[in-house]
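Have a look below at one chain only, the form predicted on its own, in C-alpha cells format.
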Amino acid sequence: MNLLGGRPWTLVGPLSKGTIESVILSPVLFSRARPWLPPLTGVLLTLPVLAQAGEETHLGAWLHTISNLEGPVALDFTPSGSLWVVEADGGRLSLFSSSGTLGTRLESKTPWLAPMGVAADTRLYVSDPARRRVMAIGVDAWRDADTVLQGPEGFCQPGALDAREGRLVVTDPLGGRVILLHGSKRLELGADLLSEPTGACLDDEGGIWISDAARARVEHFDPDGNHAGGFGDYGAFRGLLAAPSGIAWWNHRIFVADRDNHRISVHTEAGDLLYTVGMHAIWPREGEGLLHYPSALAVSHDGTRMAVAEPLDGRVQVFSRAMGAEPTIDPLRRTTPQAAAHYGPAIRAAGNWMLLVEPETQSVLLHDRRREEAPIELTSFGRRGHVLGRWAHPSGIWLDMETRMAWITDPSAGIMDQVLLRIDPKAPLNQHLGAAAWIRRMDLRALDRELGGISVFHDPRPTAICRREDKTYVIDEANRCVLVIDQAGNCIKVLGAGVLLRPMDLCFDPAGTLWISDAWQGRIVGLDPVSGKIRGNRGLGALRRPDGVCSDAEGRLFVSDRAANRVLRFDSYGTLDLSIGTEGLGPEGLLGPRGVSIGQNGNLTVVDHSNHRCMVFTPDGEFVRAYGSKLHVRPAMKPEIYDEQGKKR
C-alpha cells in the first residue's frame, strides 16, 4: 500500500521554490503513468516533485546549465543518462554525467578534424565533415576508428546523426539528402524533397524524422525510406518554425530545436503543437530556460531529461519533467519585445556606404557611414522567398560604389543576384524606400559540371564573394573552391580545389593575391588568381576558426577568429603583429566575430555576431565605437555605467 494517501504517485521534474525537498516513500511506489520509473522501496529521495498518477506533465523545466563549452553543435544521451556533447570549435567530444559533471573528453585530430555530429549506440558514431566521413569508435579504445561512410561521391558534408538498434541515419545538409544504413542496406532519402536537412532521429518503429532548416519543415520517412508525411511552415507564431536545426523523438512526441524562434517546439507525430519550451533571452547571456539560437537537442532514453545546445553562447541547457501540460510563462516576458536581430555574417564597405546581412529577416541593409556616431540605415531590400528579389538565406555580399551595384548570394538556392542601388551617394542623409532594382539572377546550379577541368560533384552553394577587374570570385562551400565568374555569368575558372576544406571569406590585397580564410585548417591561404598556385599561408598555429578577412592599403591582413573571440593582424610579410579583442561585452569585447571591413579612414569594423552588434577599432586596435542592439552596445560605450549584462551598475 502507498502510505501517501493510498493513491499511486509518480516522480516529475525538479522542485519549485517553496515545495518539500525530500520525501520518504513507503514500501512500493507505483507508477502507472510513467512505465520507465522503476519500483522503489524505502528510499529517501531529494528534490522530486510528487504528482498524482494520470496528471499531465511536460518535459521543459530548466534543471541546470553546462557552461564554458567551445561551440557545442550536437549531443546525445547514453542509455545510462550521461550526455555526449560535440564541441566543434574545440575539435572534441565531451561526456557529462547526469548532474553536468565533466567525465571523459576525447581530443585528437587523428580520428577526426572537425567533429559535427554524434550518436551513442553500441558504439559511438561521429561525423567529420572536414574529411567527409562518418566513423564508429569504441570509447575505451577510441583511437581505433572504423570508417562507416565516406565521400565526396557518397555525400557532400555529413552532419547530424542518430543510431538505434543497428540503424544509422546521417544528414547531408549541403547535399540536400539523408542516408540510412542498416546492415548491408543503404538508402538515400529526400534527394528530391529536402533542401537543408539539419537534424535526424529514429523512432521505436524504425521511422526517420528530419528537420529541414531551409524549408522550415519536419519530414517523416518510414523504415523503408518512403516519404510518410511531415509538418511545418515558416513563421514566428507558435506552431510555425524558423530554421529548425535539431530534432528528437520520444514516446510519439517530436521535439524540434526551432533555432531562429529561440525555442523548442513539441509536436505530436501528426504535427499538432503540444507546447513550446523557452523564449528569446533578452539580456545578454541570459539562461535558466531562456534560449539563444538553440541548434541541437537530445532527449534521454527514459524521457526525463532534454539537453539543448546553444553554440553562440557556448552552453548546453538541461531540462527535466514538471507538472502541467506545458511550461508556464512569466507574464512580464509575454510583453517583452524580442531582442534585435543579428548582424552578419558578412559586411562589405565602399566609400561612405556599407552593406550588412540580416539573416533572420532575409534582407540586406544599406548604411551611410558619414555620421560619426554610427552608420545610418538608408534602405533595406529583400525578404524570404524563392523568386527574384527574395532569398531563403542571404549570405555573401559585395558593394561597388562607382556603379552603385550590389551582389548577393543565397547558398540554399545556389543563386547570385545583381542589384542596382538607386541612391545618389552625395545626397543628404535620408531613407530611400524601394531603392533597390534587381538587374539579374544567376543560377550557379546550372553551371557545367566540368568547371575548369575539375569535376564538381555537388550543386554549388555560393557564400562569400568579392570582385576584381569585372570578375566575380565566389566561394562554393559545397565543392570547397572559389568559382571565377565573368560578366556573362560563365564560370571560367576554379581556384583552390583540393587545397581548401572550409573556405569562409575572401579578399584581394594590393599586390593582387587572393586570400581565403579556411576555418577547418586554421589558416588563410593566398592564391594567384590566374594560375591558382599558392602564394602563401598565414595564421597556422595562431588561428583556431578563422572567418572574415580583409586587407588594408598597406597589404596588412585582418582576420576574425570566431572560436578565439578576437581579430588578428598580419603585416605584409606575414608576421602576426596585433591581436584585437577578448571575450566579453566591454570596449574590448567580442563573441563569435564574423565579417571584417576596412573603411576610408582606415578604421576596422567587425561584425560582433554573437553580441548582436558591430565594433569599430582603429587599425592599431583601439576601440572607437559600437552600434547595434542597445543592450549589447551599452557595456562597450559606457562600461562605467553598464555591466556585462547591459544593466546599470
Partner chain sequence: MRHSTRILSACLVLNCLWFGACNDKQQDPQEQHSARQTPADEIQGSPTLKADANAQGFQLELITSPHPIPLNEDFSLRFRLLDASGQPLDDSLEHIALDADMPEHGHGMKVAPVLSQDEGWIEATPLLFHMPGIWEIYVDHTQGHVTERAQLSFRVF
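In this text, all values refer to a predicted model and were calculated from it rather than measured experimentally. Residue numbers count along the first chain shown, from 1.
There is also a form predicted together with its partner chain; it is not shown, and the following applies to it.
Q: I'd like to know whether E469 contacts its partner chain in the predicted complex, with contact meaning heavy atoms within 4.5 angstroms.
A: So E469 does not count as contacting its partner chain.
Q: Mark G71 yes when one of its heavy atoms lies within 4.5 Å of a heavy atom of its partner chain in the predicted complex, and no otherwise.
A: No, G71 sits far enough from its partner chain in the predicted complex that none of its heavy atoms falls within 4.5 Å.
Q: Looking at the partner-bound form in the predicted complex, is L102 within 4.5 Å of its partner chain by any heavy atom?
A: Heavy-atom contact with its partner chain at 4.5 Å: absent for L102.
Q: Do G526 and its partner chain come within 4.5 Å of each other in the predicted complex, heavy atoms counted?
A: Looking in the predicted complex, residue contacts with its partner chain do not include G526, since no heavy atom lies within 4.5 Å.
Q: Quick one: in the predicted complex, does every one of L388, L420 and G489 get a heavy atom within 4.5 Å of its partner chain?
A: Each of the three qualifies.
Q: Out of the stretches listed (204-212, 157-165, 436-444, 313-321), which one is close to its partner chain in the predicted complex, meaning heavy atoms within 4.5 Å?
A: Comparing against its partner chain in the predicted complex, the contact stretch is 436-444.
Q: Consider the chain as shown here, without its partner, and state which of R383, H252, R370, K533 has a heavy atom within 4.5 Å of its partner chain in the predicted complex.
A: Looking at R383, H252, R370, K533 one by one, just R383 meets the 4.5 Å heavy-atom criterion.
Q: Please tell me which of S97, T268, T403, T575 lies within 4.5 Å of its partner chain in the predicted complex, judged by heavy atoms.
A: Among S97, T268, T403, T575, a heavy atom within 4.5 Å of its partner chain in the predicted complex occurs only for T403.
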